[in-house]
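Just the one chain here, the form predicted alone, laid out as structure tokens.
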């Protein structure tokens, strides 16, 4: 069996929608192959989300105990094709550093505001540092909570161009159904017609990522 592909969802800034993206990506990937979400955040938001509903979440959500590295992560979750890491909102944590060194892919959700983007600038340095140990790491920005019919400001476009990480074409729009899914302990894929537009957004992100 091939080693699982590891996808880290990371941002040093809280409130960027990291857990929402991670949970729904895990649910979408689980439709293709066995997937686990690993909650690395001490606040355990992903675990709380998965336990909030009356039906099982679309993918198992687990935590890691003790010290770990890329090799032990892959050994521990070798039964899965995809491992999604929901990282802490801090680059100073050991878990965030290890996640970048273990990941094949990293997604950085950012809000459509230059101030929020600038608050995440240190992450570029951390990605570069992680690539010294993990040269295969590929990372992208994901615009999150985009208003339905708003255009990006010139300042935001300029900030994105200077950030140093490529931007996915797929975006996540501001939709109440994402919050509703969290409250119900499910993914947008489990929300039926109400969640279809949101599920399509998540699917577009999955399809834009390299297959291997």
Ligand SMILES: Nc1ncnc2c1ncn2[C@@H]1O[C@H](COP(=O)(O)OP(=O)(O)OP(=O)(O)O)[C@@H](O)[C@H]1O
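Numbering follows the first chain given and starts at 1. Note that the coordinates shown come from a computational prediction; the quantities given were computed from them, not determined experimentally.
Just so you know, the form predicted together with the ligand exists too; it's not on screen, but the next bit is about it.
Although the partner isn't part of this model, could you tell me whether residue 179 comes within 4.5 Å of the ligand in the model of the complex, counting any heavy atom of the residue?
Within the cut-off, so yes.
Closest heavy atom of residue 186 to the ligand in the model of the complex, within 4.5 Å or not?
No, residue 186 sits far enough from the ligand in the model of the complex that none of its heavy atoms falls within 4.5 Å.
Within 4.5 Å, heavy atoms only: does residue 35 come near the ligand in the model of the complex?
No.
Distance check, residue 172 to the ligand in the model of the complex, heavy atom within 4.5 Å:
Answer yes; at least one heavy atom of residue 172 falls within 4.5 Å of the ligand in the model of the complex.
May I ask whether 14, 43 and 144 each come within 4.5 Å of the ligand in the model of the complex, counting any non-hydrogen atom?
Per the other structure, all of 14, 43 and 144 touch the ligand.
If we check the ligand in the model of the complex, which of the residues in 75-100 reach within 4.5 angstroms of it by a non-hydrogen atom?
The one in contact is 89.
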